[in-house]
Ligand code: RIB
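First, one chain by itself: the form predicted on its own, in structure tokens.
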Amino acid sequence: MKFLVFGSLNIDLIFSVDHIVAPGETINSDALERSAGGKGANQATALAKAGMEVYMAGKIGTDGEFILGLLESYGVRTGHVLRWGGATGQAIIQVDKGGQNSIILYEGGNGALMNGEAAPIMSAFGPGDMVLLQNEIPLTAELMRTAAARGITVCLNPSPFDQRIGGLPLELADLLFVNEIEAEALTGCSGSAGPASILEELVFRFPRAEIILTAGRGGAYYAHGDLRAREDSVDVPVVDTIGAGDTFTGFFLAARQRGCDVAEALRLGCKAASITVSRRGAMASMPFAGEVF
């Protein structure tokens, strides 16, 4: 199977702070780190580090060329990444002393992808391949329809959750990765209902999709048809949580491709995510296959 990750590539500016800044507040940062990120690039990295054949597609400016070098160092094929004359996407990230983060995004090249640019890329993939999508580029609906028409498995992580989600053909998703916030938004359920109940509502609304719900320290849940599985998170000291969900997604998919059953894939995804949160950064903090499998 070839994995095509069609999504965002960002330059991350990570500020280490005592606490997430409040409205009207000015605080000092203990450190500043510039690194590569974006949910698309992060998930491509996780898949590649897990040993999969991965292709990245998206759009960057000249300021983002270093991102391609980093992706290639992990084994990601970057020949489908387009260039434009503006800036690469940017993310301003605050990480507090407890490891929690707050993120501001500027679309840059991610938002400059245009209708018609996806078709030539998608033509290189077909039945037996998978496209992994998020919600940080404007072509997600087109990509889902094109992939479904070509017999490509559609894997969707609707993050960040915003008004654009309502325009997506969610019924075409073969796999749906959501965290608790995204699951609540998709179903209209209150968080007090609990992840297991929200999972059942997702199954009702999207009966053909495999549903994977991540709940942070609450672990991860899976549902498809009559099959249900759950795995606890791994308790480790948290340095920062950037990229944890992307790591889980990549390693869960890789585990399934390696022939693991759902329960084992959940366990390995949680294990990989626990390694990521115990280290600083996004791509660099993600484990390699030998650390997980």
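The numbering used is simple: start at 1 and walk along the sequence shown. Small disclaimer: the values here were computed from a predicted structure and weren't measured.
We do not show the form predicted in complex with this ligand, though everything after this point is about it.
- The stretch from 235-243, 65-73, 48-56, 256-264 that comes within 4.5 Å of this ligand in the predicted complex, counting heavy atoms only, is 235-243.
- The three marked residues, Gly7, Ala118 and Val131, fail to reach this ligand in the predicted complex, with no heavy atom of any inside 4.5 Å.
- Although the partner is absent here, Ile93 is a contact residue: one of its heavy atoms lies within 4.5 angstroms of this ligand in the predicted complex.
- Although the partner is absent here, Met114 lies well away from this ligand in the predicted complex, with no heavy atom inside 4.5 Å.
- This ligand is not shown here, and in the predicted complex it never comes within 4.5 Å of any heavy atom of Ala196.
- Among heavy atoms of Ile103, some come within 4.5 Å of this ligand in the predicted complex.
- Along 24-49, residues Gly37, Gly38, Lys39, Asn42 each place a heavy atom within 4.5 Å of this ligand in the predicted complex.
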